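The chain below stands alone, shown as C-alpha cells; this is the form predicted on its own.
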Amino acid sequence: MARIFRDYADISLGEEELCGKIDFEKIFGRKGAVHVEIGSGRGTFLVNEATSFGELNFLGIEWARRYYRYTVDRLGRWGLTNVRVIRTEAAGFIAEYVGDGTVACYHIYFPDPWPKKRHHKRRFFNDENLGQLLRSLSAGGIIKLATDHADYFEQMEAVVGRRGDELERVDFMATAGVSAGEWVGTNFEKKYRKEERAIYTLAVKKIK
C-alpha cells in the first residue's frame, strides 16, 4: 500500500504566499538565525538539525515533488515548529525572495552533479549563484558543501577561489545525528558510503 503524504500548513511554504523579500521573523513566528538547505531530499538533515538546535530556524528548498511531499509529511509527524519547506527552483528563489544579509548558513549537500560536460552549466554551485549566496549571507555567515563527485568538487573549489577576498575556509563540522564516519548523514551520503565512494566537503565563511 502506497504511503499517503499529509500536508502540514505550518511546515509547507507556498511561493504564492510570498511577495517581495521574505520576512523570516513573520514566516517562523519568531526571531532566530536562519539556516537554508538547498536540496532537502527526504528531510534527514532538517529533522536532525531542527531537533538538535531548537533555537535556529530552518528553511528547506526542494524541487522534486515527491521528496518535497515526503519531507513536509515527515517534519509534520515530528511536530517540529522551527522548519519550513518550499518546493521551488533554488537559484531563482534565492535571487528573488531572500533578502540581503538574512541567512546565517547555507547547506548544500550532494547537489545534482550533472556529470556530462554539456550539462555542467546546470550545476547549482557556480559563480552567479555564489554571488547570490554571498549577498544574502549575514556577516560571518557560512556555506557548507558536500559531494561525492570529484569533478564537481573541483568546480566548487574554483568558484570559491575566485571570491577569495570575500571568503575564508573553515573546518567542516559534521551535522547533528550522523553515524560514525559520516559528515551530514543524508540518504545520499549513506548510499555512497556503502558504495565506498569518496566524500568531499568544503566550508567557507563570509568575511565581508
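No experiment lies behind these values; they were computed from the predicted model shown. The first residue of the sequence shown is number 1, and the count goes up from there.
We do not show the form predicted in complex with a small molecule, though everything after this point is about it.
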Here the chain appears without its partner; judged in the predicted complex, the stretch of 50-58, 175-183, 28-36, 64-72 with heavy atoms within 4.5 Å of the small molecule is 64-72
Checking Asp100, Glu96, Asp112, Glu128 against the small molecule in the predicted complex, the residue with a non-hydrogen atom inside 4.5 angstroms turns out to be Asp112
Practice problem: Answer with yes or no whether Phe24 is in contact with the small molecule in the predicted complex, where contact means some heavy atom within 4.5 Å. | Solution: no
Taking the small molecule as it sits in the predicted complex, is Leu133 near enough to touch it, meaning that at least one heavy atom pair lies within 4.5 angstroms?
no
Query raised in the report: Counting only non-hydrogen atoms and a 4.5 angstroms cut-off, does Tyr200 reach the small molecule in the predicted complex?
Result: no
- Message: Contact with the small molecule in the predicted complex for Thr81, defined as at least one heavy atom pair within 4.5 Å: yes or no?
- Response: no
